[in-house]
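What follows is a single chain, given as structure tokens, in the form predicted alone.
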């Protein structure tokens, strides 16, 4: 089977690593990929949002399966585009339709979807620029802290937690004035939920689903969860406080009604759903949906999955997902992200990376890297992910931390407290 994987981050390198282990994978292409994916497949100089180029490549190379890693092409409708191309009706596309991807593409859509189905989530209201005064009045009525969310995709930076009404109103004005571009032309003002977060993933054919390992990620740049939000500084799996009783609530109150709701929308959904959840007391609430696997959680989740990933993805089209038993390794996994100096603000690229070959006992997943002659250099804010196994996440984390010291590049930074709240 010829497989095309779209994307270039740590999630995609992890997918490429896992896909390449399958006997079903005859040839793997990654577009555009990074310095790490080149070791397990063939990188293709092609952007995931260039649907025409992707379509031509799929036809020209007789691709059998397209796996879409990042959210933007899904929200833009790459599933629908490829399925509409003559001769590609039977192409396996792993990712939801554009309608299904609105779970992530529009915070307002997701909130309405949940409210209509009594899926537990924070109270909210949504406003556009012509409702500015109504929004300011609403903010005045809310107890701080106050959560503001850009409705559309904002590269993981469109959520603000404001400590006062004055701060919230200033940010609200800025967002509606284009702080996050078109993404914040509509703003969701949301109740703040005080609890502990965790991440749940399912693979689904739109009717049935299977649970993947549960994880917890750490989004803020500073230790102790301080500073700006990032795309994620690390993750652990499993999560110690998530027991069978809590997961029964998650499945009955959140996952099942979500799958049923997608069927009611007549929205094809073949792929992954990420449920960003928070436990408040003993009740799980949805903070957000993603229409793909999370990053950096994928780097901790897929290494614990013992199933053949390609076989699982084939089952989505073949209709036999319910017959497959998910097998999860007993060892814990912990992932530490190495980032560029200045991230998530301004940072420089092109810094030479050394020491990768000195890593022992950890898997190195590349995120923002590129090959430059015989050197590997930084090419993004999040540079590398180090994932290790252990009897528990403490042991796994110690391995990742030890190896993080061995890797060298100018401006290297990583959090040393992943899992501090568990």
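Residue numbers count along the first chain shown, from 1. Not measured: the values here are computed from a predicted model.
Below: the form predicted together with a small molecule, not depicted.
Contact with the small molecule in the predicted bound form, defined as a heavy atom within 4.5 Å, holds for exactly one of 287, 267, 132, 242, namely 287. For the options 259, 161, 125, 221, the one in contact with the small molecule in the predicted bound form, meaning a heavy atom within 4.5 Å, is 161. This chain is displayed without the small molecule, yet in the predicted bound form the stretch 183 to 191 from 183 to 191, 165 to 173, 95 to 103, 317 to 325 comes within 4.5 Å of it by heavy atoms. Within this chain, residue 147 lines the site of the small molecule in the predicted bound form, having a heavy atom no more than 4.5 Å away. With a 4.5 Å cutoff on heavy atoms, residue 72 does not count as touching the small molecule in the predicted bound form; it lies far away. Proximity of residue 197 to the small molecule in the predicted bound form falls within the 4.5 Å heavy atom cutoff.
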